[in-house]
Every structure is written in structure tokens, then in C-alpha cells.
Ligand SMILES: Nc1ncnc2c1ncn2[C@@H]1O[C@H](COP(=O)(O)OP(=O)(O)OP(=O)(O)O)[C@@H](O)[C@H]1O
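A single chain comes next, written as C-alpha cells; it is the form predicted alone.
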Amino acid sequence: MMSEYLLEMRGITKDFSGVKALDGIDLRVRPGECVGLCGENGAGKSTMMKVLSAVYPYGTWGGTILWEGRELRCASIRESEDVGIVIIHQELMLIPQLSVAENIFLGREPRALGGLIDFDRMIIEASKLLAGLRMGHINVAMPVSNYAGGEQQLIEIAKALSKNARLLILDEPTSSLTKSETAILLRLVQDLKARGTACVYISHKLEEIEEIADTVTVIRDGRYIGDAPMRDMTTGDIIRMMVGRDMSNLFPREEHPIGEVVFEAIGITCLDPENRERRRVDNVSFSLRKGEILGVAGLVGAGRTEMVSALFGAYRGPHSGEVRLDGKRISVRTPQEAVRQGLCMVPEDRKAHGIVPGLGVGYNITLSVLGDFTTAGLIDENREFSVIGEAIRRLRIKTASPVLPISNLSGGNQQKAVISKMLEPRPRVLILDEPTRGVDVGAKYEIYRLMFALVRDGMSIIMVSSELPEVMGISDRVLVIGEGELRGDFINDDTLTQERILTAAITPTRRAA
């Protein structure tokens, strides 16, 4: 008898060096159904999908996978793709220098007589594929690098569908997309469902799950918690299942004393590295008080990241301005100088600028203060590991071992490790650029609690965030940046609204005469 399910995963288990990553996980997906897979960072979502797609081949895990009612035992990714299971990872797997068509058919290029690649046929087939996905505006002969992140994500989906995907796994597909790009991707998923393609959609953005999913499956700490039709669930229900507690107040705002001005940025200006006639940041000045959380809001491309990178000595183009701490000008020509002066920063892109992927979790944490453990050129490992252990406990970083490569951790736990690294120098001012991007609601809550604990102890925080509810839920004061200009400096009281912030972000302070 044919099963109503395209896929069933029953009682899936997976161990890493004796540590259970998955402990009896179940998942069911019908043809044409989108299942939203939810769970905190480290819950086991990515491990579960690696089992399904045979990144972890049959025999390295326990339990049963059924495909159309028959047991599936894939020994390789190629075998799982042959039956129609295709995964799109959070990090794009495209080669920027190759054309769109070459990326779509990489390793499966159509061949002409004599075995040579038939480029004409490849371009025709790639164009037909993209046209069928409402992506006909993309020139498949152009390099992938010519297209923005959102379009590259859509190209990844086209590449997956070229493999005749019957089950498409999307792992945090919108983590680096704008709202308009996200809308296009969600519409595409709806189209795929209508054609009968099944999807497993993994995202921390519960509003996307609510919009796109037919069914929600929740896992926690490697265990199956339950599933239900999305129409019977609320966001609050999903959060309670994910974290095991009620989180009606997602922003644990706490009263804390705010003192005198400790930090000043004066006339910060950043020129575009590729076009010095363009100002990415234009003469921005502001102050920061002791124990204050200063939110920085603005639209994508407004210059927020460029501004804080310049403050930290990390902006890669020409920049100018003055930075003062306790009324005295300090030198921040490099990040090392900034750290020595009491200014630390958690970067927006943790993978590119925050971690050393092959290095252990603990060694990543102590990189910023390695000299503290060095005597006569030798590292005192006992002292170092004492600090590492305390840092892991303080931020509740989930890792099987302090020496486990940090790349093996979930995104949220990597982010906690980066924050720990920047707390070790005990900064006076901490800059957090998108501190909760790609982080689940439980880890967000922990990061917010940590921020309030830090400002209670007298630290000052500058937080850049694209999420207006986060800015308003956490900040004492809000700076609004638009097209490189400072367009607003608001006390976060009862009169401040999201509409007021957005109005400031899109209204130029200087109009043409």
C-alpha cells in the first residue's frame, strides 16, 4: 500500500563522540507540503537534514528513513539526490567566477559528441529553467558574482530543481536577504508546492514559517517535541515548544542606571573603497553614556555597518573622524588598537570576520587576550582553559568539547563564542553589529539578558540591528542612519514608534536647493 507520505523519518539517532545530537527524531512530509522545522540553535535541525541528505551516510546513524513507504539507505549525497532529495545550505555553494548556467549544471554538464561540454545547450536549458521559476530576467551567461545575494539564493534553488528535486530542504534561506528578496523567495516556494514539490523549511524567522508552512515540526535538544498544522498554531505556541517555557516577553527589558558621557564619535566619514566620490558615512557625530544601550537603526545600505567598522578601525576604505573616550581622543587605526583602548566589536558577518573555523571553540574565545596567558613565549594552558570554561558556562555555549572546531557548532552557539571573545578584554564600550542575526528566539533572549547584565555593571553598548522591534525592545536611545547621514537621535520612551524611526530613515536631512 502506497504511503500518504513522501518522506518519513522514524526514531532517528545520531551520536558524536558519545554525545547524542539526535535522540529519537520523527519527521513526516507529504507531496506538495511545506513542513516548517523549528528549534533553537543546537537543537539538531541541521544534523537531522544531513542525515536525510546522506551527508551522514546510512550506517552512521540509527532509526529508519522511508521514501514513499520504502526504506531508504543512501550511502552518499549523490544517491539521495538521485531519489529527489536536495538540500540548499545556509551558506551559498556557488562559484562566483562561473556563469549562472555553469553553476546550475556543475558536475552534470550536457555533453556534445566527443564528450565536450555543450555550452549552447546548457545556456538554453538553464534559461528555460529560470523562466519557469519567474526568473527570466537573469542572464545565465553572466558570472554569478554579477548578482545580489537574493538572486544568488534563487539561483541555488534553480540548481536544486535542475536535479529533479522532489523534496527540497531550505536551511535558513533568508538569513542574508532583504524583505523584498524574501518575498520573492517565499512566492517561489508557494509555486513549488503547487507543482507538487515538497519542502522542509528551516528558519528562526517565525513569521516566515507562519506564512509558508502547512505543518510545523518542533525539536528541542535533539528530541522530537511534536508537530501540528500551522493553522492550529500561533507563534507563541511554537516558541513554547521550542524553548520549553513561556516567552511572552521576548525583550526582557530591565531598568539600569545611565551615567555621564563616556564615548564620543565626532565627524565620522567613510568613503566608498571603489568610488571615493561617494560617501558611505557622511560626517556623523554622536555620544554614548555609561550603562547605556544605544540602538542604531536604518534601512539596508544606510551605512550603519560602515560607521561602526570605522569606530573599531576595521573599515577597509578611506575614513576620517575623531573618537573620544572619557573626553580624551583615542587612536583606533586598527582593531588591535581599539581593543587596547577599551573598545570591542562583534561583527555582522561572524563567519567571515568573527571566527577561525578550524580552530577550537575555546581557542577562538581567547584569541583576543592570548597575551594574558603567555610567559616567555609559552602559553599557560591551565590558566587559558580555566578562562575558557568560565566563558562557556557564562554564555551557556553548547559544545561537546572546548577543543571542538567552532565550525561544528550551530550558528547561535558560534555567535555566543564570538561575543565571549569580545568580552574577554573587558571593554568599556561594546559594539554589537546584528548580534542576533541567524539566532533562535531562546538564544536571542539569552543575549538580551547578557546585554542588560553588562550595562548594569557599567559597560556601554552600541547595537546595530535591522529588526525594529529589537531596537525598540532593547535600546535606551536610538540613532537613525539614512544614506550615510545621521537622521535622528531619539530617546526610547512612549512617544517613539516604528513609524517615526522609518520616517526619519527615509527623509533626507539636506534637500537639494
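We number the residues from 1 along the sequence you see. This is a predicted model, so every value here is computed, not measured.
FYI, the form predicted in complex with the named molecule isn't displayed, but the following is about it.
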Worksheet item: Does at least one non-hydrogen atom of Trp61 fall within 4.5 angstroms of the named molecule in the predicted bound form?
Response: no
Discussion item. In the predicted bound form, is there a heavy atom of the named molecule that lies within 4.5 Å of any heavy atom of Met9, even though the partner is absent here?
Written reply: no
Worksheet item: So in the predicted bound form, does Lys45 come within 4.5 Å of the named molecule, heavy atom to heavy atom?
Response: yes
Discussion item. Can you tell me if Lys290 lies within 4.5 angstroms of the named molecule in the predicted bound form, counting non-hydrogen atoms only?
Written reply: no
Discussion item. Taking the named molecule in the predicted bound form, would Phe251, Leu450 and Ser460 all count as contacting it (heavy atom within 4.5 Å)?
Written reply: no
Worksheet item: Between the options Gly295, Gly412, Gly362, Gly303, which residue brings a heavy atom to within 4.5 Å of the named molecule in the predicted bound form?
Response: Gly412
Worksheet, complete the sentence: From Thr215, Thr269, Asn408, Thr182: within 4.5 Å of the named molecule in the predicted bound form by heavy atoms is Asn408
Worksheet, complete the sentence: Counting only non-hydrogen atoms, the one stretch of 37-45, 452-460, 63-71, 481-489 within 4.5 angstroms of the named molecule in the predicted bound form is 37-45
Worksheet, complete the sentence: Residues in 52-89 that come within 4.5 Å of the named molecule in the predicted bound form by at least one heavy atom, in order, are Tyr56
